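Read the single chain below, which is given as structure tokens and is the form predicted alone.
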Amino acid sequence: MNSLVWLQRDLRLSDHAPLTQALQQSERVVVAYIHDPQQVIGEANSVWLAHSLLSLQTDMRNKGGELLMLEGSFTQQLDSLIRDYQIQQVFYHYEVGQPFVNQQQQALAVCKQHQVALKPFDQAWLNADEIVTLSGSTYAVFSPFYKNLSSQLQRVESPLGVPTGLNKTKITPITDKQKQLPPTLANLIERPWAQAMMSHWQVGEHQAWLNFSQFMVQHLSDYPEQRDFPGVAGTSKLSIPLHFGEISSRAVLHQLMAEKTRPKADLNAIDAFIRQLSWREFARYLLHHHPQLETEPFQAKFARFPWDNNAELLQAWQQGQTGFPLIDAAMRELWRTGWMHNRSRMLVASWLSKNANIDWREGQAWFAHTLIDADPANNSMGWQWVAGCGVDAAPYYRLFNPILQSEKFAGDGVYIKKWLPVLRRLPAKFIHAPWLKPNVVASYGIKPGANYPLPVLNLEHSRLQHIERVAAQKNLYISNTVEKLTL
């Protein structure tokens, strides 16, 4: 029997159930990634994808196997694979969000046409349909979801090792191009912007495990206290390899659970890290049950929210030119490295959606374009949570004050100076709001409005406007609902 292992965001060899099953059940196995330029998340995401595919191809060849890479219309390329290699069954990992859901539906149609079995495998810790409330409904708040999930962690399947028999994937490709990186990706990684971004990173399954092991040894014990500081190496940065499946979330969980059994294990730090990993499971769970969350607010009262269409504010935010140093530093780090600290993500999202009153979907789209780890589930949940329109949302009256946040989480100014070198001479006590002391900062070469922008909006005024807008929208929604009930 000939089988196809179709890769999406599961670019690893260990704990890979579709690959393991295919090798066990088949005489010949084709392992392939199909790149459809019309169905991608964003450019930064695609840059890492290209390097990760090359890394996986090298790993497979070192084990006696081969990875094929194709480009073009997904349906046409899958159809050709099935025909050319006489495929009888297709194995893959189920994914949530676009473009994955669309491709999975297309794969189902192609396989039905060829009467080929399509076999999905789930990468979630537990089946999303099995995690329900006492009444049988799905969770919409993280804390009770986490309580349920954490009570069942012993049920999470143990990770698989690297499968044997990878030589079965050593096939003769129909064309030599199938062994090469798809042209669109090959051209993308040659761009100076892409090369500069990737200079900050190392890619692949081996590197992901090495980085995680180093985090466990060097930083895990400090994680609960250090994870909120953008300028401190206090987080694992696992979001990228987890998104691309270079490392299995299930394997990470079991590693952490095993760590808890060791003498003098820091249980508080381990539990704190597992809790944060569980947010990722929650995001996938939500998008599985509510696929509309990528484009529509979870809370109906925000469906017609009066967002402003302010192109100038949006551009200032995108380019790190808002005049608020911590926001600008975070946005410039994002553009240069493709990554942003979680505290910064919440801060910049709050500023855009609540202070600037710009539709959260604009921010979501920019993150999808610029974030390497632009995961559809995390991105939609995160933006809706901060904007106040999603599940378990931040209260509408809670706005992250960028000055107070900067003083609390970037107090020494080192992080800000790294990404805003124009402020490098400024003492820390002035760096969080330089426009408040124009004469003082001028003595350090800083001229607000000249070599560093003045704030593009008034924080207090924009905060009050936001609270008034939401209150009016809530009253309008309640009024409309009552009117419908009385008809």
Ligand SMILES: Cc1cc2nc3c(=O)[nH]c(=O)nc-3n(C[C@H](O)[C@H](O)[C@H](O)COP(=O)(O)OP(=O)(O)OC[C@H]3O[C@@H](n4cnc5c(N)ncnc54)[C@H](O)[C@@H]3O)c2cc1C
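Since the structure is predicted, the reported quantities are computational estimates derived from the model, not experimental observations. Residue numbers here begin at 1 and follow the sequence given.
Omitted from view is the form predicted together with the ligand, to which the following refers.
For residue 103, is any heavy atom within 4.5 Å of the ligand in the predicted bound form, or not? Looking in the predicted bound form, residue contacts with the ligand do not include residue 103, since no heavy atom lies within 4.5 Å.
Any of the heavy atoms of residue 386 lying within 4.5 Å of the ligand in the predicted bound form? Flag for residue 386 set to yes.
Residue 345: touches the ligand in the predicted bound form, heavy atom cutoff 4.5 angstroms: Residue 345: contacts the ligand in the predicted bound form.
Answer yes if any heavy atom of residue 280 is within 4.5 Å of a heavy atom of the ligand in the predicted bound form; otherwise answer no. Taking the distances in the predicted bound form, the answer for residue 280 is yes, it comes within 4.5 Å of the ligand.
Only one of 90-98, 202-210, 375-383, 330-338 gets a heavy atom within 4.5 Å of the ligand in the predicted bound form; which is it? In short, 375-383.
Is the ligand in the predicted bound form close enough to 238, 276 and 371 that every residue in that trio has a heavy atom within 4.5 angstroms of it? Looking in the predicted bound form, the three residues 238, 276 and 371 all sit within 4.5 Å of the ligand (heavy atoms).
Contact residue in the predicted bound form, from 145, 285, 415, 367 (heavy atom within 4.5 Å of the ligand): Contact with the ligand in the predicted bound form is made by 367 alone.
Let me know the one among 409, 139, 223, 396 whose heavy atoms come within 4.5 Å of the ligand in the predicted bound form, would you? Residue within 4.5 Å of the partner: 223.
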